[in-house]
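The chain below stands alone and is given as structure tokens, in the form predicted on its own.
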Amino acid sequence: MQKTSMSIAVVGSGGAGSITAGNLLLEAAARSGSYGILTRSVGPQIRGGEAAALIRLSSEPIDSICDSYDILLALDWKNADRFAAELPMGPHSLIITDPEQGAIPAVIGGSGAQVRELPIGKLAKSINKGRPNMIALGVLAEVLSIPRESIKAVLTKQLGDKGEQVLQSSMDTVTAGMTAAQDIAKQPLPKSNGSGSGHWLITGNQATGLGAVRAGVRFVAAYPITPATEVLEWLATALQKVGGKLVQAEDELASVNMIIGASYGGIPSLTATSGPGLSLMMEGLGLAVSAEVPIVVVDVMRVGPSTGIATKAEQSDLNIALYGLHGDAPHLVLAPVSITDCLFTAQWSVYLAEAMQVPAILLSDQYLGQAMAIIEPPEAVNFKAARSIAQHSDGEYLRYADTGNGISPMAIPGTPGQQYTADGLEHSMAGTPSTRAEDHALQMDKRQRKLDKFDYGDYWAEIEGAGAHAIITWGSTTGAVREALGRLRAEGIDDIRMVAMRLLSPAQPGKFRQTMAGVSKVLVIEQSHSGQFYKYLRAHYDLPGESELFHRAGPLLLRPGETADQIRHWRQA
């Protein structure tokens, strides 16, 4: 059965408060029993520019944006044409606009949507310290039948420390908006059966930070970069509560070298960045491979290349994550498949990196990282950082001993009798730099063996459904694929399985072969211009039968409706 959902956009110039209004609306909806998700669309400007809060509310958990918007409320129309492609609308849609803010841009008004004018600015000015975005919040609360008590509770939580006068002014402004919207047709809020009291309101970046802390990360080196900064901001406070530390470094090169040093000292460590920063960290990641020092680098991907579009999503860092290190440098690459899964995958990444003494790259993206979602609390897992620590002995300590599983005990600096050299030079089993071919071959085999021999269990992919047709995807596109397949099942099309890969490196050809048994037709779905994921699959896996690719570059996210149409067409071809 298809989910009952409602989608709302609040647009305005930067500083008008559209994102704030959207965040408050989402939280009030959560208190009222809804599930939902909020994404934001902003320009590259540091100040000003365009901004939109894009909200989807549902009676069931959701992982994807909507097909079109039911309500668009404009605080103003400045630069709104720049993200018109992200605001699909139709005759069913309602546009609420302030006539004093000018005409609706033709690229938006040409959708055939109904239009309702409200004097949003005048209403705000009629109240002491009233703001248009609080009028907008009241209008939307009234149209969606969100109880006034829910709005008041959210405002009290968010504004209570600013004083009673500020809180009362905001509530008066919201009430004015609710009164002004009383004769607008109601579009009731989609609700779950529960009250929503047990739901979490969390972003993917926050979930990533929580997963890292749960796994045992206690040191983070930070250099801010959009859209990864919120991972670091969340960890700055969280680490203090568990006895950890966050240090802001001067750049990305310093960040990766700081976490290598902290991990060498025995502390599970992490940094977060985006594509440009990951490029700068490659030499450091190679050092961590050679010295066998466990670290985690979170890459919240954005549109590239170079500076690209910092505020939009794309899955185009896959190639550099997989192949960017020079030389043969075995390492882990993982990717969460939903906002909720950011927590699990971050926790698992830390556990794997520590267990195998390797660097791990976790590929999130702007959509997963910065979207805020109302979710069910994730099930707790017991993945904790635990590396093999060398114990004191009177014999020779071989830091890089050639063990059966490739993992050799790592000494904590200062342990008597266990001093060793850890650097980027090839070395003997004792750690002494070596140019001998046999030492290089032995260490290369050892570093590869520990990734190949490790038991990853069933966590390597999310697998749903069955049948002779298979959709293979990864990362943030999983949400659109999952919902599209749900719609097709409601139509009676139930012969399609989904494989959403969480572990990208090392490849898992054996597990993949078992999963694809009986499949005769494959469709790969991703968000990159060149089809990076498809080419990766062709290089490392045996794709059964016929295989095709549906892809496009960012910044426009895949929507479940268009994804369902593509799957339908592919299945029938």
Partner chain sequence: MNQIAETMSTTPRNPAEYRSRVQPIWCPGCGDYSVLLEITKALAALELPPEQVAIVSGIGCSSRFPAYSNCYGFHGIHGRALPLATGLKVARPELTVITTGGDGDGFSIGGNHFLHACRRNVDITYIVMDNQVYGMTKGQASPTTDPDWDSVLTPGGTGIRPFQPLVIALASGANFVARAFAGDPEGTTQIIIEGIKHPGFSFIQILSPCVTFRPEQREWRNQVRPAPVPTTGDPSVAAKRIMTDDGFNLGILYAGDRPSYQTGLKDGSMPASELGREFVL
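Numbering follows the first chain given and starts at 1. Because the structure is predicted, anything quoted here is derived from the model rather than measured.
Below, we turn to the form predicted in complex with its partner chain, even though it does not appear here.
Checking 253, 153, 159, 309 against its partner chain in the predicted complex, a heavy atom within 4.5 Å turns up for just one residue: 253.
421 is the sole member of 421, 279, 403, 114 with a non-hydrogen atom lying within 4.5 angstroms of its partner chain in the predicted complex. Looking at 297-305, 103-111, 485-493, 264-272, the stretch with residues near its partner chain in the predicted complex, meaning non-hydrogen atoms within 4.5 angstroms, turns out to be 264-272.
The closest heavy atom approach of residue 245 to its partner chain in the predicted complex falls within 4.5 Å. When its partner chain is considered in the predicted complex, residue 164 lies well away from it, no heavy atom lying within 4.5 Å. Interface residue remark: residue 396 is counted as part of the site for its partner chain in the predicted complex, having a heavy atom within 4.5 Å. At a distance threshold of 4.5 angstroms between non-hydrogen atoms, residue 199 is in contact with its partner chain in the predicted complex.
Contacts to its partner chain in the predicted complex (heavy atom within 4.5 Å) from stretch 280-307: 283, 284, 287, 291, 293.
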